[in-house]
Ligand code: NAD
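There is one chain below, alone, in structure tokens, taken in the form predicted alone.
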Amino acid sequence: MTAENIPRATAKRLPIYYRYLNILHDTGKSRISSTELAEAVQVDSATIRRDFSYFGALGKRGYGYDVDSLLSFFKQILNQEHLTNVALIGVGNLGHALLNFNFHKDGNVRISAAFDTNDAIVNKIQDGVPVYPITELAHQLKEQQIQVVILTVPSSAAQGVTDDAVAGGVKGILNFTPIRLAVPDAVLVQNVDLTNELQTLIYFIENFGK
């Protein structure tokens, strides 16, 4: 089965499985059942078995899943052996936090370039990452062959910056702005609306958590 045939919900759960399998490996556990995995990652066992079934027979009835084999499989599926450089666009409060974090626990992803309009930080190094003027966005993305960007700019600048990123050859955008971006079909956008997520959480607490 090709990646295009994998449901989006399943694809979003794969990194969760991979991260927990790493924990199991580090603790020396050799095998795990779908029920045990379900309890750990808070995904029901039927969903886990269905997710895994898209990739063939990954486990054995009565035995469960071999941790090292499963870890190796997902490492390949998620391309964990290949380092992906990403760019951060917008070095405000959230941007600074992301630079400081810089995906330390996920060794295959690294912020290697940042962009901003603030003259006080451009052409300087922030948390080990060079900050370029926003006017160099398209050029630097092409020059450094960066295809994934994280967008943390003000809403008013989001679409214009996105257009420049697309001109620079970007293929994926992690969008932290509330703006729904207009991009070509070949460009993927993952929206992360923190305000919406928080409001949804509060709604469920107030209506279903009592």
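These numbers were taken from a predicted model, which means no experiment stands behind them. Start at 1 with the first residue shown and count on from there.
There is also a form predicted in complex with the ligand; it is not shown, and the following applies to it.
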Is there any non-hydrogen atom of V91 lying within 4.5 Å of the ligand in the model of the complex? yes
Is A157 close enough to touch the ligand in the model of the complex, meaning at least one heavy atom pair within 4.5 Å? yes
Should I202 be counted as a contact of the ligand in the model of the complex, where contact means heavy atoms within 4.5 Å? no
Answer with yes or no whether T117 is in contact with the ligand in the model of the complex, where contact means some heavy atom within 4.5 Å. yes
Just one of 175-183, 47-55, 139-147, 23-31 has residues with a heavy atom within 4.5 Å of the ligand in the model of the complex, so point it out. 175-183
If the cut-off is 4.5 angstroms on heavy atoms, which of these, V153, V170, L70, L37, is the one near the ligand in the model of the complex? V153
Exactly one residue in L188, V192, A11, L198 has a non-hydrogen atom within 4.5 Å of the ligand in the model of the complex; which is it? V192
